Structure formats: C-alpha cells, structure tokens
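This document opens with one chain alone, in structure tokens, the form predicted alone.
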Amino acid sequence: MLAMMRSEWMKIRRSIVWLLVPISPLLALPAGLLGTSATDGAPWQEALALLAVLHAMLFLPLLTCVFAAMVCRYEHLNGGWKQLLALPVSRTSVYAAKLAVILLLLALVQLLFLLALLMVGILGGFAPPIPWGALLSSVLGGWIACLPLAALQLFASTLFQSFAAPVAAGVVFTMPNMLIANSAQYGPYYPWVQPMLAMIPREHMAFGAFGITSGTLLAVIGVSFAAFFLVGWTYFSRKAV
C-alpha cells in the first residue's frame, strides 16, 4: 500500500492538480472579505456560512470529480492499466491508494479553506474568540461528506476510458445542488450536495435537506460510502485489461 502511495505521488507531483487545490479557497477569500463585517452579530459564523455556500455547493464537489479523474488519467493513456496491473501488486492496493490520494488532496483543500476563513476574520477585524469548534466541525464535516462522492467518482473514472466523461458527469450532477438541497426527501441522499449540508451551519439554512440532523447525515454518508466503494472495488477487481 505504501509503495502504491509513493507511485501515485510520483504521478501527480508535477501535474496541474496543485494549481487546482487552492482555487476554491482563493475565490472564497475575497467573497468573505466583501460579504461579511465585524459589526455582524456573529461575524465568524456569518463568514463561515458565506464562504461555505460557494465552496461546498460548487467547487468542492467539482474538485472531487477532477481529482478522481486525474488519478486515473495516466493509466488510461497508452495501456497504463496493463502496465500497472502486470506488476506484483494487488488490485485492492491500487484502488485503495488512488482513493487515498483523492482524499488527501481534498483534505489539503479543506485546510486551505480554513486558512482562508481565518484570514477573512483577521483582516476583517472580527472580535475574538475564534469559534474553533464550529470552524473545525464544518471543515472536517465537509471532508467526511466527500467520501461517498470520491468513491463514486473513482468508480466512474475507472469505468470510463476518458478524462472528460467522469468530469462532465460531475459537472452535470453538481449544477442542480441548490435545487436538490431544497428537498428534505432527496437532498440528504444526493452525493454532490452532501458536502454543502455538512459545512453550512444549520442556523443559516433551515429549509429542505438542511433540516436533517448531523447524526442522520453521517449515517447516510457512511452507508453511501460503503456502498459506492464496494461497487467500485468489485468492478475494478474484475476489470478486464
């Protein structure tokens, strides 16, 4: 597994993925500076809600789709899957390593988002104390909520032989996020909207799927992740190369 992780690192260390990682935090920073004020009743929470809408509704799901496609791009070129799977490595290790790389990239995105949020507060002159519990809960919750989507998009990226197809599918399914979030019946089960449900403070969104409890959302995320990972791993373990 560690050897596979090193191999995946070698593939992406000079790729454009590192230009994509900071995009969402960089775009969220000016939005937060312009949209929040130290005179707000709860400026830290207001900034969190504002930044999370843009970040978790749009960019976080899209980045998950792109990262999943990029970790499989090398293998789709010039018979890369045959070369990789001809090595003395298990398919489980290969699949798990690719998923781990996606999740590590998403963790880095979330850390940069937290840094952007702190910069909004510092530059905006928000009064202390910093509500670390709320901020860390949002950032960690958004990362956890990406688990099902990462597993689903990795499955799609191994299924399709092109980089564009799974990314295009991710874009199409991300676009209706706000509409689907209005549905308390379907919203919690939609993988592309789950990061937004996990990141935006409940007191700022009281409609539709945002009414779901944190415990129920975590249960849905856990079951979805297990199901998508099992389906994707089963397909990959039997994939003809």
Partner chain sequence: MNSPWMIETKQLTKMLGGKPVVDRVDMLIQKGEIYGFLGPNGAGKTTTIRMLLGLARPSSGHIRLLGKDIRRERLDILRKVGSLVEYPSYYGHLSGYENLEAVRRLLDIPKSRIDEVLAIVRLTKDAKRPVKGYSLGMKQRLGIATALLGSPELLILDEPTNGLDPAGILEIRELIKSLPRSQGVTILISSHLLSEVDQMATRVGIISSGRMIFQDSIARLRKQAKSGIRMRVSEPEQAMRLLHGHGFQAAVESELLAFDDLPDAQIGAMVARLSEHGHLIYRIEESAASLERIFLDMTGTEGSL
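Residue numbers count along the first chain shown, from 1. What you are looking at is a predicted structure, and each value in this text was computed from that prediction instead of being measured.
The form predicted together with the partner chain exists for this protein as well; it is not shown, and the discussion that follows is about that form.
- Interface membership of Ala96, defined by any non-hydrogen atom within 4.5 Å of the partner chain in the model of the complex, is ruled out.
- Taking the partner from the other structure, the partner chain in the model of the complex has a heavy atom within 4.5 Å of a heavy atom of Met10.
- Proximity of Gly80 to the partner chain in the model of the complex falls within the 4.5 Å heavy atom cutoff.
- Although the partner is absent here, Gly133 is not a contact residue: none of its heavy atoms lies within 4.5 angstroms of the partner chain in the model of the complex.
- The candidate stretches are 83-91, 101-109, 151-159, 121-129, and the one lying within 4.5 Å of the partner chain in the model of the complex by heavy atoms is 83-91.
- Residues from 226-240 that approach the partner chain in the model of the complex with a non-hydrogen atom closer than or equal to 4.5 Å are Ser237, Arg238, Lys239, Ala240, in the order they occur in the chain.
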